[in-house]
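Quick heads-up: it's one chain on its own, the form predicted alone, in structure tokens.
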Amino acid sequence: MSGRHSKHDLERTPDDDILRDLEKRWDDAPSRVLRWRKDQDVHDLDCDGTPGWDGDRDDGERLVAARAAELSELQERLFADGRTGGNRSVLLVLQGLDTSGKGGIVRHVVGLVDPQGVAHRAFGVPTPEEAAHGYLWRIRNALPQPGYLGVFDRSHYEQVLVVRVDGLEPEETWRAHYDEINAFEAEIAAAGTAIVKVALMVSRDEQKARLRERLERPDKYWKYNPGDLKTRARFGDYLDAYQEAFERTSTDVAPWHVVPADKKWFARLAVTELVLDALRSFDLGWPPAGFDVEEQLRLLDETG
């Protein structure tokens, strides 16, 4: 029995025609449209744009909803593959300034799949135990096991973003991390992990509006951190840090995808497409039975 399949082997639904129509709203594959290019400058990025997409918000939200069935099934196939000896996994790395929508991606995109196959980790300030080790120690400990969709809310890139901007290490130290990160990602990719790196880029004006909303709504107070204003004051410095991180660490095995995030619906659409593309790349079928099915059916019938 073959374990291979194409996406057309997935169960068809009455909405297939609608799905095909919505897919045509993309001018090109999102993985190509959104991939970091050497000639890009993040200072010039239109964070309110929808690159490659000529549909509207309603179209985008309908496509995300239409993708749910395939996304869920492919993630389940990945989980089944891991449970039967496979070595593949997906790692979604989410980076972005405060209010860029990382949490919304987790809820609205990752939330489309079975949570038992998801390994989510949010990285904050290192604990004393974590700080006693190299910065990649806690990252390695959080990598998804075979069969899992891993999600990093912030990641090892804090070491060349926050650490750089806040001056937490000498320049010669944090500059050495670029090559370390590239080697680390090449290693885990070779071991079977598809890495999807997404930078959610929000404009300064939109960030201000989102911070204001947190201060004007009691149900959002818990999201607000006065320290966010300190980060906001270094907005340009963070863009410089992102620029160099993209230039130094967007590789063939782990390219960066730069996603304009002022429109939350577009960011969610883009990440949905990128994760789906990674799952499709494995071309997984259902694992064959490791036992004699007919015999087990006979034995089952004998149980009365």
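Everything numeric in this text was worked out from a predicted model, so none of it was measured. Quick note: we count residues from 1 along the sequence shown, nothing fancier.
Keep in mind the form predicted together with a small molecule is missing from the figure; the text below concerns it.
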| query | finding |
| --- | --- |
| All of R140, L143 and E180 within 4.5 Å of the small molecule in the predicted complex, heavy atom check | no |
| In the predicted complex, E158 touching the small molecule (heavy atom, 4.5 Å) | yes |
| The small molecule contact at F184 in the predicted complex, heavy atom, 4.5 Å | no |
| Residue contact check: V163 to the small molecule in the predicted complex, 4.5 Å heavy atom | yes |
| Interface membership of G124, the small molecule in the predicted complex, 4.5 Å heavy atom rule | yes |
| One stretch from 150 to 158, 67 to 75, 104 to 112, 193 to 201 that, in the predicted complex, holds residues within 4.5 Å of the small molecule by heavy atom | 150 to 158 |
| Option touching the small molecule, based on a heavy atom within 4.5 Å in the predicted complex, out of L136, L168, A176, A209 | L168 |
